[in-house]
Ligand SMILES: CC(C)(COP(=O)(O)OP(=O)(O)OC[C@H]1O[C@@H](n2cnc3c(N)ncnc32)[C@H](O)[C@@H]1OP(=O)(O)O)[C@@H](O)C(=O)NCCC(=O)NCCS
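Consider the single chain below, provided in structure tokens and representing the form predicted on its own.
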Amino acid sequence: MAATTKPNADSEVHKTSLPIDLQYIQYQHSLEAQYLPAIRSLISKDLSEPYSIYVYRYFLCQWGHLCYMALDPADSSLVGVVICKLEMHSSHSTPTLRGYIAMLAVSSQYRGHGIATKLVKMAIDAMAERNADEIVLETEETNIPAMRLYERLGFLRSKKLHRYYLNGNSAYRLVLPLKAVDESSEGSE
């Protein structure tokens, strides 16, 4: 999965014409007919991977409570979206509750205004409230704005994934630890 938007030179042109207060809402199943086509369109413009409707529904039906949208209040059009999940992960010696940021996209004319940062913070807060131990994602190594965004929020590079995407680009796996590992309690009951 790709987890970020790509920079666009056109985004500088539109900075002065943005609405002052976007509306940020949690995705709800009742909004699928209204927003799923826009979500798919926005994400397909920017991310490296082509996703079927089933991938979107996999995330949105099970973890809609962890997905957020930014809307233009003038016409309720979709400006940005973050799609996440949260589930047990057993690759560590002690299983962890791992959050995952699968997709993040912001319309090119709205970039550079903190929308992606706000969406990611909302997702992090929602996963932390549900007791997540960590949050992970992958992003293309060439996507410098995305790397900066995530690293500014505390994510750390944990692994380079060579030729990870279908387009042949490599990625970094980034991890945000939410809980300190208490090594003294790992072996005790």
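Values in this document were obtained by computation on a predicted structure and should not be read as measured data. Throughout, we count residues from 1 along the sequence that is shown.
Just so you know, the form predicted together with the ligand exists too; it's not on screen, but the next bit is about it.
Asker: Choose from 154-162, 132-140, 26-34, 64-72 the stretch whose residues reach within 4.5 Å of the ligand in the model of the complex, heavy atoms counted.
Answerer: Checking each option against the 4.5 Å cut-off leaves 132-140.
Asker: Any chance L86, H89 and L97 all have a heavy atom within 4.5 Å of the ligand in the model of the complex?
Answerer: So, no: the whole triplet misses the ligand.
Asker: Does any heavy atom of T117 come within 4.5 Å of a heavy atom of the ligand in the model of the complex?
Answerer: Within the cut-off, so yes.
Asker: Evaluate R148 for contact with the ligand in the model of the complex, applying a 4.5 angstroms cut-off between non-hydrogen atoms, and reply yes or no.
Answerer: The answer is yes: R148 has a heavy atom within 4.5 Å of the ligand.
Asker: Can you tell me whether L104 touches the ligand? I mean in the model of the complex, with a 4.5 angstroms heavy atom cut-off.
Answerer: Looking in the model of the complex, residue contacts with the ligand include L104, since a heavy atom lies within 4.5 Å.
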